[in-house]
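In structure tokens, the next block holds one chain alone, the form predicted alone.
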């Protein structure tokens, strides 16, 4: 009798993990959809900027080729954990200044869109890491359940 109750508890835990995985998958795909929209909007605004300022004014020629570049944000992973987050540095270089003093609003919107893309990418990575952790626990619990079933079948 005690074995059946334990098996039922394991089945309930497996069901709960399946629910968690489905919720995480839904969060992941909605996050990826947001990321897709941000990339598309950023590219459209960048194209508008190139049209307004000229294709030579908005190109890879403005990228830094020498000297040290200080990023405005970096991805940080906490020690001994899988937690990652975005750390902002207000003293970092503003890349939009490389395009001049008076830049069109579409270039600023493109920058904002691509900054959002970084945030959504980090969220997606965190969700994916959580999914992998739940999946690993699910597989180990499923193996435990299969061993319980094998013990019951051998006893018959």
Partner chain sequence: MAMHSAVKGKLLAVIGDEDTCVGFLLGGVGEINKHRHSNFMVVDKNTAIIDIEECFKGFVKRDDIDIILINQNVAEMIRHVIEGHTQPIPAVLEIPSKDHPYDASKDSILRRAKGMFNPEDV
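Given the structure is predicted, the values throughout are model-derived calculations rather than measurements. Numbering follows the first chain given and starts at 1.
Note that the form predicted in complex with the partner chain isn't included here; everything after this is about it.
Contact annotation for residue 48: none of its heavy atoms lies within 4.5 Å of the partner chain in the predicted complex. In the predicted complex, residue 21 approaches the partner chain with a heavy atom inside 4.5 Å. The partner chain is not drawn, but in the predicted complex it has no heavy atom within 4.5 Å of residue 13. The closest heavy atom approach of residue 132 to the partner chain in the predicted complex falls within 4.5 Å.
Shown here without the partner chain, the chain has 25, 28, 29, 32, 35, 36, 39, 43, 46, 50 in 23 to 55 lying with a heavy atom within 4.5 Å of that partner in the predicted complex.
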